[in-house]
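Read the single chain below, which is given as structure tokens and is the form predicted alone.
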Amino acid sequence: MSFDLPVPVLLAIMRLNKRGHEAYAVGGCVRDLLRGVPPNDYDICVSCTPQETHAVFAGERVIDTGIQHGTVTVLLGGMALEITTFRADGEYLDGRHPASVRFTRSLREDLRRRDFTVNTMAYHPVTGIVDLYEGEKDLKKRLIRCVGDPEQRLTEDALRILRAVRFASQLNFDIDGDTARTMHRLRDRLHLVSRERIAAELIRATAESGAVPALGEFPDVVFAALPDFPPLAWISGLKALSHLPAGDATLRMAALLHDCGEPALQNTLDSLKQSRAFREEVLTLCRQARQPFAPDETAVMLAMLGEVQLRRLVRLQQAAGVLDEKESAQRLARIRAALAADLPLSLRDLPVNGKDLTAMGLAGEKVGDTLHTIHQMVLRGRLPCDRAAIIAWLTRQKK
């Protein structure tokens, strides 16, 4: 079997081979090529040391992105290629990282240290696929299976427990029975993993199309990763998730967490150690999930949340059963109408400002309060968005 590798990948392999080094595309890119899916990126593994890789690509930009682990990034033909020396890992002492890394000239040694069989395949444009651990067989069976002994693989690096869930969700695969049983048994080792890494895997898993069956098989793993998540919210979270399309990580995480309640919701989001913007967006959606807004409040909600968040909220409320399909469509139509009407969605969009109000004799907090009142009245259709009409209304209020 042969694949059309991007030209920069082919050139990199050819240049390495010409200098006497083995080189292969490896891991996820090979897995995706076999699935007929365009890879997001291409990793190359090589028999040479990082210093020898530097020499092969003298004249190109080479970045030492992970040189202690044998990885350099070569910028070639507009692509950033991670090129990593074959390596064997030393003993894992902290449940996450090898205490040492030994470079090797053996592709077999490099592949057998990897996590799951579907990620162990290598490819050379001349000699084809190298599949030492039945990765292609598991790919056809749609199966995530640890390389070798799952007890050893998952004890070495506890993050692999969540990575298995994420790959199952991403690929819509099942998890091998021995691997799954070991994941359940070793779930408490997730305390060895940083909150940032846990969040990255869980958020990615939740955003994928296979999230419901993948997460649904491992609630104990999720609870070990998110100890503040209340089990009573699990079923409603999965049900809401099942009604949403894949892709929007913010919306889908909100669906999973929407029934948590305070303070579990706040604690769970804080524990994810994500950006403040992500936490606030998910928190807002969850808090509003059970509070359907009246159709005539659409413009007010649009001004408060913004278009993206309001559309998310409507979809979440439908997924959670708060709105039916007709009600959801009605609110989405009103959002479109409000946007088309070019309503003032912020105070800055009003045809009057603080200086105008000051000139009319208002001062202090009264200026801000009055601007807010005008804004709300315009959004609710109780006052035209017209400077003369607003000035006339203000004049009447002074009398």
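Predicted, not measured: the structure shown is a model, and the values here were computed from it. Residue numbers here begin at 1 and follow the sequence given.
Below, we refer to the form predicted together with a small molecule, which is not included among the displayed structures.
Chemist: Which one of D349, E60, D369, D32 is close to the small molecule in the model of the complex, taking close to mean a heavy atom within 4.5 Å?
Modeler: Only one option qualifies, and that one is D32.
Chemist: Of Q288, S328, N119, T182, which residue is found within 4.5 angstroms of the small molecule in the model of the complex when only non-hydrogen atoms are counted?
Modeler: Exactly one residue meets the criterion: N119.
Chemist: Does D157 reach the small molecule in the model of the complex if we count a contact as any heavy atom within 4.5 Å?
Modeler: Flag for D157 set to yes.
Chemist: Check whether R163 has any heavy atom within 4.5 Å of a heavy atom of the small molecule in the model of the complex, and answer yes or no.
Modeler: Yes - in the model of the complex, heavy atoms of R163 and the small molecule come within 4.5 Å of each other.
Chemist: Quick check on R197: any heavy atom within 4.5 Å of the small molecule in the model of the complex?
Modeler: The answer is yes: R197 has a heavy atom within 4.5 Å of the small molecule.
Chemist: Please determine whether G28 contacts the small molecule in the model of the complex, using a 4.5 Å cut-off between heavy atoms.
Modeler: It does: once the small molecule is placed as it appears in the model of the complex, G28 has a heavy atom within 4.5 Å of it.
Chemist: Among 242-250, 164-172, 221-229, 295-303, which stretch has residues with heavy atoms no more than 4.5 Å from the small molecule in the model of the complex?
Modeler: So the stretch in question is 164-172.
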